[in-house]
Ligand code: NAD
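This document starts with one chain, in the form predicted on its own, laid out as structure tokens.
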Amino acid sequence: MKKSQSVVIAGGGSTFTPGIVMMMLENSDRFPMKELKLYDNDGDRQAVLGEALEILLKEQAPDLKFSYTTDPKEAFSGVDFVMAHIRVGKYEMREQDEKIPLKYGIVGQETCGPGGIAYGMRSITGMLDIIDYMEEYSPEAWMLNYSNPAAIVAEACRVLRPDSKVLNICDMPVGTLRRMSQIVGKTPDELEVSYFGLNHFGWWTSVKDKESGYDYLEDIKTYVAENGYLTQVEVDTQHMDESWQATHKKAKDLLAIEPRFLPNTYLKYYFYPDYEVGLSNPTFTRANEVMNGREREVFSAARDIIARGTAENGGFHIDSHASFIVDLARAIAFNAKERMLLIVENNGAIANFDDDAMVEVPCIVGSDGPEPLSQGKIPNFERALMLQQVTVEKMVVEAYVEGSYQKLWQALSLSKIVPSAEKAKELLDDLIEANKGYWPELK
């Protein structure tokens, strides 16, 4: 019989929390839980979701102990897993991450380029706090981090908490694999991929049928060359907005640049920045789209459940694509030897790339953590791009640790998205002003 687990979701006030809770309930046979807690440093925001989820769980899982709190000791004591999806500064600061670069004609995106750097500088402190809480109150626990920007967060964990039991994972490859599976008429569970890159910066080198061993790579490339990753059957509830549909379509142009491999859609920000800026509305960005969409919908559904006193026919939806979180937790808890894409220290997984780079590659995950699978040598084109980008990420963390204005200016100047050091400096000064109270002081 599988041991029931105790879990805390750090970032309990996130709009993704209800869908993830419902997803875990749906997977309770695979990952049984005895206790679920929410933690957030914004108690008022979390309380709305917490009260609604308390009603839902009493109806659907009455034996599951549930609580929500802003007290770290209460939240992190006696847990087996910390599932972290924090957003330091919330959507108001994401809006700044996107709109400030656009003032300079530069891509405004929450994880790529200047926006990702700004967000990363905020996220490091919040992530370190959560790691420290976990290690103080539940030193045997594992943290499963899927907070953005995952690349910078993972590098910060490597440098600043090298011995911590933190696994960094991203949902984007999972969402794209769902689309690939639709293209070839399979389910994601029937496919096994090979992939190399950095977070939000990588390529699929094979998409094989687990049973037959047939590689669908060429079939999918033929489809993507015409349609991008747009599919007729849309079941990916997270990536359905108009802006995401444009992103999926743009994959055909990314494939044209490098026709050997299937691209991660985020590469569009690096290869087509002018195109992205041209599509952007500097007064209404993706942050506004989310605030006017998912943010309103989730909190409206929560308030409706509270007002009615029941979650029956409620507006919360299962975030089924987030089942990768359960897959990861289950692999650790029950030594399941699950094959998953994780962000890990390279150490030879990519043979001709720096050992200390945080790369995204397939891993076999068991109770001792991830074992990266060798992806061999990668072509010079991808290697050069990755070296530039990973150096940006490393310099951001160095700037955070050292409080160095110079290094953050250099990081922005090195970013493929930023056209010049002059623009980088103007942008940096603007971002420093916007992030007062979130970033360490830079000198």
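No experiment lies behind these values; they were computed from the predicted model shown. From 1 onward, residues are counted along the sequence shown.
Heads up, the form predicted together with the ligand isn't pictured, but that's what we're talking about next.
Visitor: Report whether all of 221, 250 and 261 sit within 4.5 Å of the ligand in the model of the complex, measuring from non-hydrogen atoms.
Guide: Result no, not one residue of the spot touches the ligand.
Visitor: Looking at 169-177, 221-229, 306-314, 273-281, which stretch has residues with any non-hydrogen atom within 4.5 Å of the ligand in the model of the complex?
Guide: Contact criterion met by 169-177 only.
Visitor: Indicate whether residue 334 is a 4.5 Å heavy atom neighbour of the ligand in the model of the complex.
Guide: Because no heavy atom of residue 334 falls inside 4.5 Å of the ligand in the model of the complex, the answer is no.
Visitor: My question is simply whether residue 146 lines the interface with the ligand in the model of the complex - judged by any non-hydrogen atom within 4.5 Å.
Guide: Result yes; residue 146 sits at the interface with the ligand in the model of the complex.
Visitor: Given that the partner is absent here, does residue 90 sit within 4.5 Å of the ligand in the model of the complex, heavy atoms only?
Guide: Yes, residue 90 sits close enough to the ligand in the model of the complex that at least one of its heavy atoms falls within 4.5 Å.
Visitor: How about residue 391: is it within 4.5 Å of the ligand in the model of the complex, going by heavy atoms?
Guide: Taking the distances in the model of the complex, the answer for residue 391 is no, it never comes within 4.5 Å of the ligand.
Visitor: Exactly one residue in 321, 186, 99, 165 has a non-hydrogen atom within 4.5 Å of the ligand in the model of the complex; which is it?
Guide: So the residue touching the ligand in the model of the complex, by this definition, is 321.
Visitor: Heavy atoms within 4.5 Å of the ligand in the model of the complex is the criterion; list the residues of 4-31 that meet it.
Guide: If the 4.5 Å heavy-atom criterion is applied to the ligand in the model of the complex, 4-31 yields 11, 13, 14, 15, 16.
Visitor: Mind checking the CA-CA distance of residue 320 and residue 58 in the model of the complex? It differs by 3 Å or more from this form, so is it closer or farther?
Guide: Here the pair is closer than in the model of the complex; there, farther apart.
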